[in-house]
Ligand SMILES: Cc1cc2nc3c(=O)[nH]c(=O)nc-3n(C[C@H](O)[C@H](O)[C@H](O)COP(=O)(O)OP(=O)(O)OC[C@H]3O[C@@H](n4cnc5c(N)ncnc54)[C@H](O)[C@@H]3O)c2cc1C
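Only one chain is shown below, in structure tokens, and it's the form predicted alone.
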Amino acid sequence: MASKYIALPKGVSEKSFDAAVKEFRRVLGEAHVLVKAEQLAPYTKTMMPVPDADHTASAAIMATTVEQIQKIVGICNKYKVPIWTISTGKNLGYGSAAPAERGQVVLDLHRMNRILEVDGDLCYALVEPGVTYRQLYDYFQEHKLPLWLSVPAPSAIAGPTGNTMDRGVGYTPYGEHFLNACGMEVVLANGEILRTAMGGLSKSNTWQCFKWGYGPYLDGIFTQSNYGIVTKFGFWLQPAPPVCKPFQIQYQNEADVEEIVEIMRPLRISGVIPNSGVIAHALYEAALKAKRSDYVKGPGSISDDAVRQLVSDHKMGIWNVYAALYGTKEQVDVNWKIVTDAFGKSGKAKFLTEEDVGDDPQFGYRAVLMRGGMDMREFSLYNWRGGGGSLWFAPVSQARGSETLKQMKLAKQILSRHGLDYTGEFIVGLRDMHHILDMVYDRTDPEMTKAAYQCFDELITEFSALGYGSYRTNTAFMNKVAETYGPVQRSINRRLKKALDPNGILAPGKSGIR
């Protein structure tokens, strides 16, 4: 007999789920418990090369208070109903708002969107999980606060809580988001409320000032995990500097990336360049200026000759380096000389500033993000091939030039075997380097979708075998990535899960943990 629900939680009968839904409605109200197919459509669509049916929610429920969440976890424990928590659901290319497993109930916290505190002197904020970067940005403008945000590529539509809990990054000096997190409130699976670090003191006024508190540091276990539901999140803000000087450096040969990283690393470690240095391949930004169909005829990946033609046609670099300098005019002038001297020695670098490029969209969106502004033009990537498919592959290595070309060569080989393009960039941290690939494909093409799945699976296998671990992945490949980190980590994660969530109600399968 057909169920009245489009999916049911694993191991939960329709009768038990009926009872749970009835209790959800008693807590949240009829309008905030969604079970109809048309209501659940926004929670089902993904960009991954797997059937949407694999990630179909059984319901979506929207809470507005901590007390409601406490009651919800009580109901879930009673009926063994699993919930998948989202804040804004804009985790594009990583799974969006869809649950990790078919039948999970999406706990949507976007209506918990209060800005609880912003301190302009100590430069911190305390927010609920539904607060977006745009909401905070507008708050700063309204109250004339000289504070900056660090935003990821989805900028305005994403939020600091969800992005930080998945250990996302931004492009200002505060771009390592979890590094600048300070104090969380967490609802545990048994309904208890934990305030981490200094938040444990009843009269504390340092919750968002001192990260560590006393005893084990717990905040980290609630990132990329399913051990609790974060309901308040504190983080540090950058005071607006007197001067920000974004710049671009173009290089015309792929082999130059080794030199770029070797120059960039000491400038990052010393703080001359205080934000993450992005080294974007031409194809990563090509869709801002060109159509793939102008350079590729027929199936298969784009050729190197076509890439060189594209670069020539649109005055791009094969590699496009982006960073910025911050501080007083005197500080920026001194550091600009250091940067230009360092990159200028080989004679390969072409320096560009805002004065040079005018309204060039390639430079423009990077400059906005490096100032903590709102700009989503990076997602023009999705127009390069079209068809709505996107998978982000994100291995990490040491920040050494010698790590670049061998990674790029391996990635190109794997992508080419499956008819896909290399759309990648290297991001130089203080000592680490992220190699970010957006594997874009046509999800309406069954053969290409199958190839995309096989390709991503192969990328994980081959890169992890060489010691390049993924720092983040989409919901279809969480188990595989978790396996690459070895049995001891997985065992500890499971033991923590069993201790904190014995009924396994919180996001089973998140990061391969159940």
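For clarity, every value in this text was computed on a predicted model and none was experimentally measured. So that there is no doubt, residue numbering starts at 1 and follows the sequence shown.
In what follows, reference is made to the form predicted in complex with the named molecule, a form of this protein that is not presented.
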Task: in the predicted complex, the one of 265, 90, 435, 385 near the named molecule [non-hydrogen atom within 4.5 angstroms] - done: 90
- [ ] Could you work out which of 254, 378, 259, 360 is the residue within 4.5 angstroms of the named molecule in the predicted complex, going by heavy atoms?
- [x] 378
Task: Site test, 158, 169 and 228 vs the named molecule in the predicted complex, non-hydrogen atom cutoff 4.5 Å - done: yes
- [ ] Would you point out which of 304-312, 193-201, 336-344, 169-177 contains residues with a non-hydrogen atom within 4.5 Å of the named molecule in the predicted complex?
- [x] 169-177
Open item on the list: I'd like to know whether residue 83 contacts the named molecule in the predicted complex, with contact meaning heavy atoms within 4.5 angstroms.
Closed with: no
- [ ] Find out whether any non-hydrogen atom of residue 247 is located within 4.5 angstroms of the named molecule in the predicted complex, and reply yes or no.
- [x] no
Task: is_contact(residue 235, the named molecule) in the predicted complex, heavy atom dist at most 4.5 Å - done: no
Open item on the list: Is residue 94 near the named molecule? Define near as a heavy atom within 4.5 Å, in the predicted complex.
Closed with: yes
Task: Any residue of 488-514 that, in the predicted complex, places a heavy atom within 4.5 Å of the named molecule - done: 510
